[in-house]
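Two separate entries follow, structure 1 and structure 2, each one form of the same protein chain as structure tokens.
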Structure 1
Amino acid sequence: MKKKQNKFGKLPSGPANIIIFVLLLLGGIFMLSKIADNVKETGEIPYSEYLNLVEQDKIKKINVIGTFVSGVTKDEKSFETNVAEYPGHWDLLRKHNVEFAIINQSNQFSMWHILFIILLIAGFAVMWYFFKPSSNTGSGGGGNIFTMGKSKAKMFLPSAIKEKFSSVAGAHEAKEELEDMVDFLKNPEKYKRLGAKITRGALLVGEPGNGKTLLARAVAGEANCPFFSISGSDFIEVFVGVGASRVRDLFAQARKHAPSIIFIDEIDAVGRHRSAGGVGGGNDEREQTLNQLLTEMDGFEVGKDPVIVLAATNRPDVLDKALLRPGRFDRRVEVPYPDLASRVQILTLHAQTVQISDDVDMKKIARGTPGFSGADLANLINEATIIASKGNKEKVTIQDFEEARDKILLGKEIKTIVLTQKDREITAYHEAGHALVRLMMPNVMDPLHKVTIVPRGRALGVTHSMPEREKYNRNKEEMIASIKAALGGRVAEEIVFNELSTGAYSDFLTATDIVRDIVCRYGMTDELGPIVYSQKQGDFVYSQKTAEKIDEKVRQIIDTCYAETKDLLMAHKDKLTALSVALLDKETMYAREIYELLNIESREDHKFE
């Protein structure tokens, strides 16, 4: 039967440790006894009795510490008391021939007190070392000074790793890159017979939530080998040299269990560019740790069995060049945001444990979530399930997914906000302006999905589109159409109310960003040509004359788009009014309702190819 481990760690077991522990204990008792004897031998007397003893010439000598007096009578009895401060006290002592000394308050501690304090501190240090809580943070994860250089990595044996490549939905190209490493770990002779060498390391690069850690665990699960997991920040300590020691210990453990995999999450915490000669605020501890990591990955010591290092980061631009060269991180595996097909697979995978209604189309949900990471999609499923549970539903419906998506993108619906009828009308016409501009340019805009004037987060209303396909390239016509759609809300307010409000601020930001991309990044204007103009750090810096040309061109494009949008809405003012009135009545309208209301050909049933 396995005994239960003592939660206070192991007691001192060596003879020397036991002797030290006993001596400290006895020393403490001895110090306490001396202080106690001191207290017992000294008797405290009232101030009045002290004055009587002085006047009766019975006091031999005293020590004065502020208002505290300790002394000895002529019959060798000790006493102490507190006296009042008055000028005649010293004259009284001289008159009766009392020997007195004034002691500084800072020297009032005796040698016994000082020794006791030192011994007490040493005792606490020893007790902390021996009786500290045991650490379960992985092999070598001790918390005392003697184990500070041990690695904090968690070791997972093959039986504890359940993830396989089948557990990772999407990320097809990343899985293909990593399958070579798995095949080498399983069949090394297949590659060694022709002289091939295993990849020393692979760097997983991607935004947070796209599955870098899951892919690393899947590699270990497929290869059926030990897996060491650690974060880059776990190497760094305030003491210089500790991180390097932890790196050595980590690789020593990995080589003992080779073939094995080391996974370093957020490697940019330890792998940043090294400074030159201390310039630029270098960190000695981090740089020594990085140097040791470089040596372990590609140094003189080469083991027979492979140790593969996987690392993850979303900031590859800050990593040291020596870390990225062949022989260390040989491969850079991109883990991008999932495309449409991958989003369908991810949603389907996470929906396996959820009771979902039969009419829920995962493909449609995937179309409406461009730019969502794998973690975002998992959160979408969970939020929809929570919403359905709060409504006591038997299954999760498409309405629950709509509510969950709006909550994630915009925030929770605000039910306590009180809007005047004028504010509601302005919001309705504003959102109708956005929607109508999109509807009037079907060849360059994504199909309309939903329009709502229900306040969420900081938005009083929102217009959603439903992308037909993944877009990896945009032409100038599509970007100009996006500018007009962003300006449609303000233009509608001006046409109907002939006044301007603050609700278009975020729309102007969007429009301005797109126009500056046209002018400064993509070279889509004849006046400035195919040149990148940017004021970001590290990019090109242009002259004041060029800046004036850019501002002039940006203003020209915005003014042209604004005027054309105004002409478009004026030509369809009846549709603008009809849609606004319907929004005031229903608050939320879906595309099919809007197409029927305005007698426009529907794009709702468009099939993705």
Structure 2
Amino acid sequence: MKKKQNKFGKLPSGPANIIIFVLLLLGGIFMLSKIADNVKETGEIPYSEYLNLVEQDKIKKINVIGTFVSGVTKDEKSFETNVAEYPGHWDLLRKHNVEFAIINQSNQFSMWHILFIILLIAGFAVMWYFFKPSSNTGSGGGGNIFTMGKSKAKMFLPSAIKEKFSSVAGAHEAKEELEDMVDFLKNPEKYKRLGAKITRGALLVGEPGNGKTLLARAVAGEANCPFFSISGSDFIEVFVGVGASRVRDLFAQARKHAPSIIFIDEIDAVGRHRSAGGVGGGNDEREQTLNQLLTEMDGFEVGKDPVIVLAATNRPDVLDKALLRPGRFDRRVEVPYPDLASRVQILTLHAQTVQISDDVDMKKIARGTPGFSGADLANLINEATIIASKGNKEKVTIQDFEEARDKILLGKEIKTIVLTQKDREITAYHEAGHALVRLMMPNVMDPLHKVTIVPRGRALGVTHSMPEREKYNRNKEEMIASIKAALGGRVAEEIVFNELSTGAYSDFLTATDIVRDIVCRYGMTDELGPIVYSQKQGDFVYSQKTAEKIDEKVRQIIDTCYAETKDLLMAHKDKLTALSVALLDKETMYAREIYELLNIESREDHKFE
């Protein structure tokens, strides 16, 4: 961000906010100190001394508040004291010609109270005035980026947008889909001529970090048009009506600067299905905001003032259907996790600005990072560079990448964690169990990459495998093998120690998820048939009887897998022990070492280097 400017009315909204708060705070402190001053500047004297002073005619004037007395002496010294309530007090004062005033306790600081309240109200009024959303606000030229006070959106002028399609590595399909929009923004006349109905909105669907924002900005960069960016959650406020007027304001701005792009991140925050319920009490507000959004999108005229709305979400399933109707977000652009080839491209792109050692092969790194998002990959390069810098290296090496990846995968390495020898042994057998099950099913399992019992993050150990290719489709056999690999850890523990630990929880989660998919999603069992049994918003869409059948089948599959895994590991107990012992010694073992140790036919070399 280069420059922040604001051209709305008299006061800049962001700073105004702060200024008003500071003023209010100072005012409050000032008044409190005033109140405190009235009481504290004076010296407190004993009641007896006070009575003496009165009787010696030394007091000029007092104020009485209940039993509290403050006053000044004739030689202009102030004092205060607490008096007993006795009826003769007033007579005594009259007798000695003391001027006295009795102040009603509850009204004591009423003037300050009133002032304070007035100031507070005034402060809020001023704030409301500046934040009150309304249309017809303009943003002028000058800077490149504006924070739009009323809509909360940020506006980027074309000169502030550096992204082009070439800044997005991989994501070919997404870019292809968006190219039309770029053309439309550049040449609206061309489309108007034939009356084409060009999409006004596209939904970018994908997990965080996969480049949705990047793509949206690249569209603006390619079309060389202003970019308005806001997050769905920014629309939602406690005050009903604010969201709707923010939407109105945003679209008014965008039209004024047309051709332009509006990017709404996390649209699910406003666009949730209307009956799906919201967070807190913001339901009315959310609906109003959503309705306004729909109205604005319907209000576009093709060809004139082209404004394209791109919205990002990773929860397209919760979106209100009305949003997806023609003329609204009727185009869906998938922005998935990058596949192998895309990962190579993303890594290469981000590595351009970094000194990287010649022995680093981005392809190998890409192979070792399945499931990494674009952001994760950018982070990987960055982490590796930091690690290399810390070691005062000239260039980033393959070891730095290894370390960086492990760090990203599982949180920072905690070598200091205190584990008992028993814990380490259990972990070693547990991981050896996972690894061995995989090794014993080479046809259906991905090749092993490495096994470690160095604790990282919350995991005591990890067994990595390295997919040979991207898997878009898995068969039942592979899924069953994955269940067994997941159960392998616990099975090994049981075989060797004959006791159960809590370390297998996440393995069971993995196994259970796969079994549920087999039964309920992919129709892979005879008993339940080719039917999808799903839950919608907590309601079962199948009968209680079916639920019981599902539970039974899930249990049966898990039990069978468990028994078969046990047989498998029992048959290779010597290997299990050998691997565990070696792991206890080395802590981390790569596939090659394991093949050698166990005398298993080597598959590919799966290390980066």
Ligand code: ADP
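Residues are numbered by position in structure 1's sequence, first residue being 1. As the structure is a prediction and not an experimental result, all values here were calculated from the model. Heads up, when I say rigid core I mean the largest set of C-alphas that superpose within 1.5 Å between the two forms.
Only structure 2 comes from the form predicted together with the named molecule.
For Asn443, the Cα coordinates differ by under 2 angstroms between structure 1 and structure 2 after the core has been superposed. After superposition on the rigid core, the Cα atom of Thr560 is displaced by less than 2 Å between structure 1 and structure 2. Comparing the forms between structure 1 and structure 2, the C-alpha position of Glu493 differs by less than 2 angstroms, with the core used for superposition. In the core-superposed comparison between structure 1 and structure 2, the CA atom of Ala174 travels 2.6 Å. We note a C-alpha movement of 5.0 Å at Pro326 between structure 1 and structure 2, with the rigid core held in register.
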